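Next up: just one chain, as C-alpha cells, the form predicted alone.
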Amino acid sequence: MAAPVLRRGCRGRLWALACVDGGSCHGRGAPTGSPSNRIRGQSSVAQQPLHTAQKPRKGEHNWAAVVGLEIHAQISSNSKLFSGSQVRFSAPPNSLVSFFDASLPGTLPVLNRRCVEAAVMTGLALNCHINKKSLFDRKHYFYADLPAGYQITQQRLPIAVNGSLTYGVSAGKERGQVIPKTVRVKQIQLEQDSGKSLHDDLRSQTLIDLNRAEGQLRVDANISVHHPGEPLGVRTEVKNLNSIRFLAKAIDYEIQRQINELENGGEILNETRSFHEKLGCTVSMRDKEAKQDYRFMPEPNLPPLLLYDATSLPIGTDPRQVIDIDHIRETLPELPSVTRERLVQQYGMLPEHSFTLLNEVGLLEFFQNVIKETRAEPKKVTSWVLNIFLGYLKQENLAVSESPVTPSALAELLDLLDSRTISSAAAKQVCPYSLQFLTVPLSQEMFSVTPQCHH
C-alpha cells in the first residue's frame, strides 16, 4: 500500500471521472499499478471545437473533442490509508509493509483520519458537495500487485461530488485578455493504492513492491472526437501520464490521430493506449471489447464514513472524535483564483501577471515583501519583479529561493529610482550585474556616478 494518494479524477479510469460541458462522462478501464492511499476525483474538461489541419470543404463539419481526466494525487500523510505503516518515498522495496498491507488473513483496515481531512479539504477547494455519509466498496480484480484480490475504493457513494474548477486562458488580440473556462469535477474518492510491479527484463521476471509509493501524480486521459451536435465518439484511454507536459502532448496527438483516422474512412477502437515519450505518439496497449466485471460489493470491514458540520454536530461531541466540515473550511488557505483576483484589483496588474506571480514558486511572497518595503508604485514593482528579477533568475537557472537578491535590496533600489537618485536606464544598464550585488545594503552614494558594466 503506497503512500496515501488523493485522487482528483475526471472522466477516466479509476472512477475519478471528468465530464465535459455539454457531454456525458466516459467510463474507465481496468486498473493497473498498485493500491495505497488515494483520493480519486473526477473533473470535466470544457468541450472545445478542434479544427482539422485543412480547412473543411463545403458540407464538412468541424470536429469537437471531449477529454476526461482521472487524476491520482498522493495525499501528504505520515502513514497509509488503511494501515499504520509509514509512508516514505524511495524506501527500500517491501520495507514499509504491515500485515494488512500484505493481506494476511484476519487483518482489518483502519481508516487514516488525516487522509479523510485531506479529501474534504480538496473537495472544498474544488467547490464540491461534501457527502456527510460516504461508503467504501471492494473492487475485485486479480493481479500480482494486489495480494488481497480486491481494492478498497468508493464506487457507490464517494466523499465529494459535483465540483468545478474555473481557470483562465490567455487569448485575444488585446494584451492581458483572459477568457474564463470551467472544468466540472464529477467526484473525489478515497482509494487504496495497489502494489508496484518492478519488471526485470534481464532475468525475465517481475518483482512486487508493496510499499506502494508511486509518486505524487498520475493521470489517465479519456479522449474522443465528434462533430458538434452529434453523439459522442468512441473513446480511447491514454494511461499513466506522469507530467502536465506529456499529458498535453498525448491529448493533442490523440485528438489529431482520431480525426485523421475518421476522415480517412477508418474507425476508432475502444482501447487503452500508452504515450511514447521519445516518439511523442500514443501506442495501442489492449482493446476493451471484453469489459471486465469488477464485482463491486460493500466493504464489510469498514462502516459508513460520517462527517459533520455546524448544523449536525452533536452537542458535547469531542472534536477529536469527529471530522467537522466547517472547521476544515475555515482552515483553507486563500485559493489561487481568489489571490489572482485580489492582485489585479489591489495593484492594478494585468491578469497574465497575476498568473506568473502564482505559477513561479516563491515569487508571490517575494513580490509582496518588496511591496511592503518600497515607496515605488505597484506597477513599477510588478515590472521589475517579472521582467528584470525573474529574467535574471531564468538566465542564471535559479529558483526564487536560491536568489542572491533579497526583497529588501530590490526595494531599496526601487526607492532610489523613485527618488530619481538614479535613472531607470542607469539601473537597467548595470543589470544583471547590479542584481548580483543587491544583497549588499545600497546607499545613494553608490549611485552618485553613472554606473557602468564591468566585464
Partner chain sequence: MLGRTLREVSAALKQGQITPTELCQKCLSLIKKTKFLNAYITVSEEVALKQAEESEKRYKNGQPLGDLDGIPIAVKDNFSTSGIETTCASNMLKGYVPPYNATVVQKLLDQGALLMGKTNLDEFAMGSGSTDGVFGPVKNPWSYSKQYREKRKQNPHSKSGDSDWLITGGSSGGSAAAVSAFTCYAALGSDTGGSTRNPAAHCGLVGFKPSYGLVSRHGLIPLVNSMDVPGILTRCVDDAAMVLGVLAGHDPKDSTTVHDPINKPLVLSSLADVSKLCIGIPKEYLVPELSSEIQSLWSRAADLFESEGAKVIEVSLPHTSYSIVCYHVLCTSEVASNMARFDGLQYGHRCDIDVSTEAMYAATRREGFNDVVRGRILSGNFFLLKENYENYFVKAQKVRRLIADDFVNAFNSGVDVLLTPTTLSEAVPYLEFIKEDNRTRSAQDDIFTQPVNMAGLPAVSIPVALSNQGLPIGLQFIGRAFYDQQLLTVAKWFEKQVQFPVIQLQELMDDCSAILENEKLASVSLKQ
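Residue numbers count along the first chain shown, from 1. The structure presented is a predicted model; accordingly, all values stated were derived computationally and were not measured.
Form predicted in complex with its partner chain: not shown, discussed below.
Partner proximity in the model of the complex, defined as non-hydrogen atoms within 4.5 angstroms of its partner chain, places exactly one of 251 to 259, 375 to 383, 362 to 370, 299 to 307 at the interface: 299 to 307.
Among G348, P336, P351, G149, the residue placing a heavy atom within 4.5 Å of its partner chain in the model of the complex is G149. Checked against its partner chain in the model of the complex, the candidates C281, L313, V110, L269 yield a single residue with a heavy atom inside 4.5 Å, and that residue is V110. Though the partner is left out of this view, F246 does not reach within 4.5 Å of its partner chain in the model of the complex, counting heavy atoms only.
Although the partner is absent here, S103 is a contact residue: one of its heavy atoms lies within 4.5 angstroms of its partner chain in the model of the complex. At the 4.5 Å threshold, heavy atoms of Y143 reach its partner chain in the model of the complex. Using a 4.5 angstroms limit between non-hydrogen atoms, F99 touches its partner chain in the model of the complex.
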